[in-house]
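Coming up is one lone chain in structure tokens, specifically the form predicted on its own.
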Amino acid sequence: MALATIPGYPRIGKRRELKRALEGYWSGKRTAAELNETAATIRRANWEAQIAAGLDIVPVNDFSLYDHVLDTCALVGAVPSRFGWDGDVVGPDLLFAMARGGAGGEAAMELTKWFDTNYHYLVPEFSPGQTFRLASDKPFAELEEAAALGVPAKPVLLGPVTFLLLGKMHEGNVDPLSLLDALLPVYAEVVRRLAAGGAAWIQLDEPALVLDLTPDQIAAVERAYAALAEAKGAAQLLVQTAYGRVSEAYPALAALPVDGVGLDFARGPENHDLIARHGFPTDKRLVAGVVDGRNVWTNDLVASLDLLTRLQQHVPGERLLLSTSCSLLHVPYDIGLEEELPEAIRPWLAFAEQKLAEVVTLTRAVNEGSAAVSTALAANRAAIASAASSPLRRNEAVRRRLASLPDDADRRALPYAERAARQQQRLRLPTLPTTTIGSFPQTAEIRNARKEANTGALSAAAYEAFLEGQIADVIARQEALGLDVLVHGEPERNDMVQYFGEQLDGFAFTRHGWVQSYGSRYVRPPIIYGDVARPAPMTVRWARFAQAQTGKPVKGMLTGPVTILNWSFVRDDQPREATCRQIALAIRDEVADLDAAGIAVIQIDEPALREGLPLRHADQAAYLRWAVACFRLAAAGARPETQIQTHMCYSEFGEIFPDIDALDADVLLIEHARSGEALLEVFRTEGYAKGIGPGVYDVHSPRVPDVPELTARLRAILTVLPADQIWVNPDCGLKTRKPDEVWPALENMVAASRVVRQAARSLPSAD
């Protein structure tokens, strides 16, 4: 009979218990024992929820204190040499040092996007001749913990090929897959121990199989699983893919000596065509990911059952495992927690717990027939019909306006060179001007005031006065440091997307809909359910106030349309491009209002531009075409003398650099500090003619860089780019840092800029 399972579950706790435990441990307010107790409580609650829903097989070791890729580094002993590891067990303090930076000043590992999601992982660091050894008992301990609770456990591991492909060689031009033969004995040992510990199924996640793979990479997959099959004993091995179609890897995947293959039929509907064309092996189970694990919309159960009927022409029901398309770490826990969502849209939504019910309902339908779940199917049909016919979905005025835009609506009035001359005449900035990315620390005082304002304990007038005081203070501090282009610090903003979504039509918001971005950083993505429109200006009031406090330029701060799209749960009843154009039109109106208010520099952040990039190269050009056009549509509302800046961070940008250039922003502020010299090499080979601010220090680590370090980094940048193009700034916003980390770091950054500025005789003085 068909069975119900999922690849993984959210791991932060329904009430964000893990965040409080982690940050308490890092601050010394909680012990390791208390942290471990909280982690065990979350795991137990997760397993109980899945069993209660009716899953037959439950994932374990999908939990992580910080990041599952980092856990894999610990498991196989892939610890960068700078951390001085003694070769014994990798404990939590070393793990957190690798993630956040060491107490001795050791730089944290690079952070980047996990495939095309908004989750971030720590990038494994390798070197030629790298050795591996088993250095963590985490999977075995969690399997034992689950077994003691009677959980039908399926240990989850990051597969060896994906692990290597996600990593980087930090010495020499060597393919990380050259380390596969050294890595496999450790994986084989892990598989043997899990099998000996009673694991009936062992899931190895290989999402890299949905990328464009070379024949050598596919051969590496075959070699890896030939070795692991020998180690599995009585356990059954499952190779789980996610995030799209497997394409050229399918024949090799189907032929692997494993017991199950997991395919994503939500993001990769073409996977059905592969099965229809090539067949499916009779010695394997198909884990059919028919419930979307990435979005929050109620699954169309009738459509899923139709797909399952077609699949059963090739795979009998008794060899099916029904599942979500990927781990549910990308969605919130439970729609039942959301008492404030509009009643009209609640039936349209399904979070993790509701997706469990959908998987179980589909499994019952396969096993017992549709009549056995007729009540659930009727309710589902009603929800789907309600969403399709609701007037909340459409705003005809927005649609008419977009349809009537002129062909040049996404072009600035003058080319860059002419704009730059006008902007310099207006701004009169020194060479190597200093700035920040936008946000300043969201202190406990700010968070408490926001909470009191939301509950009514603080009046609207008192809250506005409080925010004015915060803005005036941060402006004065920046002036005292000598920063050249200031920001207002964003104390009024809860989140860079939510703040705008709350002021736009077509958005809904949760109170408990948190998902993990990285470590203890969680976000609550807005839900875009209808056409997007801007009823009124969103930022002008605070931009005007901030600019009135100083004679220096203060940036107007906006989140770009592509980032708002990619960091939201987006409606699934129209193309993403159409929704993005609606958002772009709203941001365009805000740009025009800021410009009219006298704001000379407007920053439109697009950190998620690359994150929406399709994983397959064949699909990327179309996305980049409309994503770039949407940014340009938003920015083109500014006059030529008004400078448009944009910010991007924590992604691999080299392959899309021409598209970044095509954004036509006047200044690009971009992450650089964690990525070594990789970004500089891109500039060296590609060239760049506009303003550019490669971040000079990593804001996701608590360490404060000193002046010599920052000076050296700036001088390295000057070997690639001319001084008159370069801006000096941190990697990212400062929202999550403490004030006693931020102000010394910025003081050192300004000092380093002045040192380099003064040292270059051809450059003007800072004063």
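Numbering starts at 1 and follows the sequence shown. Heads up, when I say rigid core I mean the largest set of C-alphas that superpose within 1.5 Å between the two forms. Here the structure is a predicted model, which is why all the values come from computation and not from measurement.
There is also a form predicted in complex with glutamine; it is not shown, and the following applies to it.
*Asks:* Could you work out which of T162, T112, S439, T539 is the residue within 4.5 angstroms of glutamine in the predicted complex, going by heavy atoms?
*Replies:* By the 4.5 Å criterion, the partner-contacting residue is S439.
*Asks:* Exactly one residue in Q547, S304, Q603, T361 has a non-hydrogen atom within 4.5 Å of glutamine in the predicted complex; which is it?
*Replies:* Filtering the options by heavy-atom distance leaves Q603.
*Asks:* Would you check, heavy atoms only and a 4.5 Å threshold, whether G733 touches glutamine in the predicted complex?
*Replies:* Yes, G733 sits close enough to glutamine in the predicted complex that at least one of its heavy atoms falls within 4.5 Å.
*Asks:* With the partner left out here, check for me: in the predicted complex, does some heavy atom of K154 sit within 4.5 Å of glutamine?
*Replies:* No, K154 stays farther than 4.5 Å from glutamine in the predicted complex.
*Asks:* Within a 4.5 Å heavy atom cut-off, is E490 in contact with glutamine in the predicted complex?
*Replies:* Yes - in the predicted complex, heavy atoms of E490 and glutamine come within 4.5 Å of each other.
*Asks:* Spell out, yes or no, whether the shortest heavy atom distance between V123 and glutamine in the predicted complex is within 4.5 Å.
*Replies:* Result no; V123 lies far from glutamine in the predicted complex.
*Asks:* If we take heavy atoms and a 4.5 Å cut-off, which stretch out of 641-649, 362-370, 614-622, 86-94 is in contact with glutamine in the predicted complex?
*Replies:* Every other range fails; the passing one is 641-649.
*Asks:* Establish, in the predicted complex, whether M496, M557 and P607 all lie within 4.5 Å of glutamine, using non-hydrogen atoms for the distance.
*Replies:* Checked in the predicted complex: all three residues contact glutamine.
*Asks:* After core superposition, I'd like to know whether L55 moves between the shown form and the other one (criterion: C-alpha shift of 2 angstroms or more).
*Replies:* No.
*Asks:* Look at T72 and decide if its Cα position differs by 2 Å or more between the shown form and the other one after superposing on the rigid core.
*Replies:* Shift at T72: below 2 Å after core fit.
*Asks:* Answer yes if the CA of T510 moves 2 Å or more between the shown form and the other one after aligning the rigid core, and no otherwise.
*Replies:* Where the cores coincide, T510 shows only a C-alpha shift between the shown form and the other one that is less than 2 Å.
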